[in-house]
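Listed next as structure tokens is one chain, alone, in the form predicted on its own.
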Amino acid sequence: MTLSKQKHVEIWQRCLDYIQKSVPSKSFDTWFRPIVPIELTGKTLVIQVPSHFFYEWLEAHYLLLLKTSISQELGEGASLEYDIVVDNYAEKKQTMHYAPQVQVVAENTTYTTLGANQSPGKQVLNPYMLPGTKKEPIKSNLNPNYGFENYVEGDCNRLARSAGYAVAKNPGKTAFNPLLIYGGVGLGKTHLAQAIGIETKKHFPDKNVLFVSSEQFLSQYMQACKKDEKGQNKLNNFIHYYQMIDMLIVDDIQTWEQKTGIQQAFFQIFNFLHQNGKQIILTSDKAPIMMQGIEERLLSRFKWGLSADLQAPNMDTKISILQQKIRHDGIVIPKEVIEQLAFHVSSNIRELEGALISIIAQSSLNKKPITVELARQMIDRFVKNASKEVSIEYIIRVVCEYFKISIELIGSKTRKREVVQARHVVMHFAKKYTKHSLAQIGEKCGGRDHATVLHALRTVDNIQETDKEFRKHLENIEKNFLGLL
């Protein structure tokens, strides 16, 4: 018997109140606010989630928290049932979406991922499969320097990296198929895509993994379309070759915009690989929704899996990238020089590494020590987009080092006096030295609203007018990061 219409909403709201106390505000907004309670039948609460990936992420990271919250509200034997929103776009004779409901009981999870027209053991045939063709090992075109061990994780890439690692351990068997990685120039799309291929070969050395640039793919397609002396082309052979791949990685697919012929060929390849449980990984400099001139039926298939973006790295991630690079090269560089580079160089990782190489080369050729002054000279000479704006992340780090507290405490809910003071100081300098709004500053400081930031600014102004020691602290902190300007 289904209970009153609002009962499920009330139950879920109390669950959210419990969950919100246990996770960071950004994680709560990302993974719990989009959930919609559907109904409550007995002790089973039905909740709607935006995608199958969303469901898998909840199960992988928040299963215990969900079980605890629902059990507190409904008692022993409580269970969750997921209603997953899917893309129902389907070609004639082609249904690829997941089954619409997934049931999760108290101790384990059961779900079905067969499409509506598929059945266990059913062999999907392809008209381009040539009889007697033997599956041969294929050269992967993977760069061994692009492994996961060389790919620094940060807030800017954590989702894409986690999904990529999951794919490498279980290619073609996760909800991340296809996996589309997108982001601006120099943010590590190619590196991550290759890292997935390399990791897959470690776990499954017999699988055919192929990395190909969109330009190479296009060139091969055009050659296949040319007619030979008998008036025939090799397009079928081209398509069949790619259908033999277990993991196909195509780099920079946005270059196929307005090219209908190659899109039609890839559409056939995509369908065959996906239906046969093969993994597809794509990279692009833009999200699928921003692609112009790509057929709708192909864009729809890109949305079947996960589209994960790579964002610009923050100050701490840039420092970690530089530290990883110099450790790999066996070079010793002063901490101040690393901070100088991370502070001034733009958010492009490729440019960041290029600036480091320039400094090392200049030091070696001229037999000069690597100093902050040398770093400044190289930045002015080689980096066109050097930024003079202090990042909020850098301000947080400097303030926390000064007050000797953990960086994580700035975004926490603690009301300890020393932490609140440090948080207020961060907000003070963020308002003074960045272009961020009060709401953006508050978000960086643990999801506080603009009113909280405004209160912090007034508090700092009032205290420094009457407290000489506090004013001295502000001056010392300001010197610490202004010294890099």
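Computed from a prediction, not measured in an experiment: that's the story for all the values here. Each residue number is its position in the shown sequence, starting from 1.
Although not depicted, the form predicted in complex with a small molecule is the subject of the following passage.
Exactly one of 288, 411, 172, 184 has a non-hydrogen atom within 4.5 Å of the small molecule in the predicted complex; which residue is it? The residue from 288, 411, 172, 184 that makes the contact is 184.
Of these, 190, 220, 307, 271, which has a heavy atom no more than 4.5 Å from the small molecule in the predicted complex? Comparing distances to the small molecule in the predicted complex, the residue within 4.5 Å is 190.
Determine which one of 371 to 379, 403 to 411, 299 to 307, 147 to 155 lies within 4.5 Å of the small molecule in the predicted complex, judging by heavy atom distances; exactly one does. Of the stretches listed, the one contacting the partner is 147 to 155.
Contact check for 325, 350 and 353 against the small molecule in the predicted complex, heavy atom at 4.5 Å: Verified in the predicted complex; spot residues all in contact, yes.
Any non-hydrogen atom of residue 321 within 4.5 angstroms of the small molecule in the predicted complex: Residue 321 belongs to the contact set for the small molecule.
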